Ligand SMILES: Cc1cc2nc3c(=O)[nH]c(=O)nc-3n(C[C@H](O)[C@H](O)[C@H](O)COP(=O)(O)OP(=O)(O)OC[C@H]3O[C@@H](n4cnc5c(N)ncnc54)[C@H](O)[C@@H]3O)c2cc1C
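What follows is one chain in structure tokens, specifically the form predicted on its own.
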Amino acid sequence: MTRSAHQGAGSAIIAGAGIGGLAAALALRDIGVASTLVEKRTALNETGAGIQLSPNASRVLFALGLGPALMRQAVEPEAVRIRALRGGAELSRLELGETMRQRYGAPYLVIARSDLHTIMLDALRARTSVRILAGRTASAAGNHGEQARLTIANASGQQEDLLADLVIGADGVWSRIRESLGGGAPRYRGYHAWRAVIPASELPPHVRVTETGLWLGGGQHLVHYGVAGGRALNVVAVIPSREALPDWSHEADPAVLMNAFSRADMRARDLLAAGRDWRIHALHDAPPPPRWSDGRVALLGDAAHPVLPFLAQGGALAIEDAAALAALLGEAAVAGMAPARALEMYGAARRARTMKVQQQARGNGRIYHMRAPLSFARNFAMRRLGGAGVLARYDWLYGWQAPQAVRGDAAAG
């Protein structure tokens, strides 16, 4: 069976209703493109605990009108404090807060993924007649004359083809749309991320939800930051493992984690001991696909460039993709350019930057987990650079500007 997903001048089918898919639907809405979202989960909620929205991402979300809602649920940390896991010595402190707003024109925020997902979904439902097909799996995409086709299947396996002007594959690390475009399978990178959310009332007294913490150790590291408007702390502990778990998240035994961090500073161990309901996520990325688009089909977010979390840019890059995609499609429509050409330009515009982030995230994993004597050189370099020097190294990342079509007053709110 084949049917059109939307009737109208511009239509898109977006495979995946996660952060990237919702960002794409919001950005496309602002250029007059109506979207149908296809999501394999039956409940529209976001997995994972927290997400960091650096200025390159928050700038786009504010321009899309989400600023007030974000500021009600997010935390704007004062700083990132970097410490050594062994002994707890401070290596650097990066000022965030007003420093980030002044330097980049947008805030650095941290928020629960579920809160961000709800904000984006509410905005879509309030401002457009978005159509959501839940409980359907996207299995393939291609071109169909002057339209794009997405093949989907319901829980019973019954298949159906949907047609629209565009198909956007935002279906994550294990993207079937990337496969349709010749992209390779994800690669396990040898890390397990342990995640938990701790209520603020149960935190050790030395932990502040208004400050992001990064602890670096030999073969392991620890990150924590406030979520839920400061009512909880998101904690992520990363350790090496040879076991490539197949699914996104698995239950975990806290005793294994505590043993892995047995030689860590007591403050870090106290924080880990406060965690409950730990979940394990095996970390993957993937080689860049040979192409980001094929005719009227294109990739976005982790479907195009799955990235390790060691630059905190997975969600941010998906949000950037959405802004760039909508801007180029909008410009193409004004110029009378074919949508397929606009999608080619989008891939060309995004490819080098996303590859650089992917490579630097891998490099950060190696730096974070350095063992002595290399860790001594790392620690010396961080102290010598100071917080301002470390931050300057990320100007290329945080200073990214959304295309003019979706810019707004990002620093407001």
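Just so it is clear, the structure is predicted and the values come from calculations on it, not from any experiment. Position 1 is the first residue in the sequence shown; the rest follow in order.
Just so you know, the form predicted in complex with the ligand exists too; it's not on screen, but the next bit is about it.
For a residue to qualify, one of its non-hydrogen atoms must sit within 4.5 Å of the ligand in the predicted bound form; none of Val227, Val256 and Leu272 qualifies.
Contact annotation for Arg136: at least one heavy atom lies within 4.5 Å of the ligand in the predicted bound form. Contact check for Ala318: a non-hydrogen atom falls within 4.5 Å of the ligand in the predicted bound form. Remark: Leu96 does not count among the residues lining the ligand in the predicted bound form, judged by a heavy atom distance of 4.5 Å or less.
Proximity of Gln360 to the ligand in the predicted bound form: non-hydrogen atoms within 4.5 Å are absent; the residue sits far from the partner. Put simply, of Gly213, Pro289, Pro309, Gly217 only one has a heavy atom within 4.5 Å of the ligand in the predicted bound form, and it is Pro309. Residue-level contacts in the predicted bound form: of Pro339, Pro186, Gly183, Gly314, one residue has a heavy atom within 4.5 Å of the ligand, and it is Gly314. Comment: 33 to 41 is the region of 384 to 392, 365 to 373, 352 to 360, 33 to 41 lying near the ligand in the predicted bound form, near meaning a non-hydrogen atom within 4.5 Å.
Of the residues in 14 to 43, those that come within 4.5 Å of the ligand in the predicted bound form through at least one heavy atom are, in sequence order, Gly16, Ala17, Gly18, Ile19, Gly20, Gly21, Val38, Glu39, Lys40, Arg41.
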